[in-house]
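What follows is a single chain, given as structure tokens, in the form predicted on its own.
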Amino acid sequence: MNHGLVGKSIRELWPATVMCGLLAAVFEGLVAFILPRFQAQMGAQILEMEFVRRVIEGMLGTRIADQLGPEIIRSIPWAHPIMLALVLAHAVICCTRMPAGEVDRGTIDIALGLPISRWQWMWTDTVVWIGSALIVIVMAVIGNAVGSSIVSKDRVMGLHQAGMIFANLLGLYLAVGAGAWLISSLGNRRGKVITTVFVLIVASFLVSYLEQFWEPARYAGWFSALSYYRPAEVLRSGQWPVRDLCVLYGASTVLWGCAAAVFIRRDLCTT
């Protein structure tokens, strides 16, 4: 790896990484602290309302029983749209920097003039990106643990549970990020690339939510990356979601490989 390029990537990514990581940690901590009280006081009454029940099931991506059990409560912070928006926004910000961001800023000619190959550039940026992703998700896990511990030590997820959630969320993050990188490698304007990725993410959210309400939407469930991220099911079963992890990490590998192939072979310039 090129140390100068590592420094450049870190300088560009650290503001978004710190901001998204802190916001994710604060959100996880607050929700983990508030929800147990919500469960005790209002859980049964809310579940009696069919529409609200369906909304919760749509958010969690799974059916729930007649009460909000501890596994469901623990999973809500990880499946909440705000948490997912923070994590996926970081992925999109990081993975649209290169090459679309460089072309958009008019600095691609300078970057390509460095004494490194495009493959080295891609690999170096990927290592820094994954490192920043780990920081964001670890901060979220710490925030969740702190918020849960304030309520009760028993509310804190064990290493096994935290590891499953961490691996599943990281897989979702990498799949979305690699997809954003592929679109970035095909585009010249970062704004258009981000808009395209945003539309695809929203479509994925809609498919995942509609699966719980509308039978035909279940046939399109394979399209949604969120169909392979089910923290409620993971915590309830206590088993590693091997199939979902294979799909997410496999998809991220294929998408990243396609992005690298396009970037290495594509003619790039500022004109």
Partner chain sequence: MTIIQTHQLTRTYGRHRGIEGLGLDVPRGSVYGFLGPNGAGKTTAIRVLLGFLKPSQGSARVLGRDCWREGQTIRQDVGYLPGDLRLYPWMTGESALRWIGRVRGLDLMPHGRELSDEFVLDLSRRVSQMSRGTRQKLGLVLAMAHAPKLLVLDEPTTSLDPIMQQRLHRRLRAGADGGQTVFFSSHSLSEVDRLCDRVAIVREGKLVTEQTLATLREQAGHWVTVRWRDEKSVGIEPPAFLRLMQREGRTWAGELDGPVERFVSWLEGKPIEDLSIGPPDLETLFHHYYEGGGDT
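Computed from a prediction, not measured in an experiment: that's the story for all the values here. Numbering follows the first chain given and starts at 1.
Not pictured, yet referred to below: the form predicted together with its partner chain.
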Worksheet item: Applying a 4.5 Å heavy atom distance criterion, does residue 134 contact its partner chain in the model of the complex?
Response: no
task: May I ask you to check whether residue 192 falls inside a 4.5 Å heavy atom distance of its partner chain in the model of the complex?
output: no
Residue 80 within 4.5 Å of its partner chain in the model of the complex, heavy atoms: no
Query raised in the report: Could you tell me if residue 152 has a non-hydrogen atom within 4.5 Å of its partner chain in the model of the complex?
Result: no
Answer among 173 to 181, 135 to 143, 118 to 126, 192 to 200 for heavy atoms within 4.5 Å of its partner chain in the model of the complex: the stretch 118 to 126
Residues in 98 to 117 that come within 4.5 Å of its partner chain in the model of the complex by at least one heavy atom, in order, are 102, 104, 105, 106, 107, 109, 110, 111, 112, 113, 114, 115, 116, 117
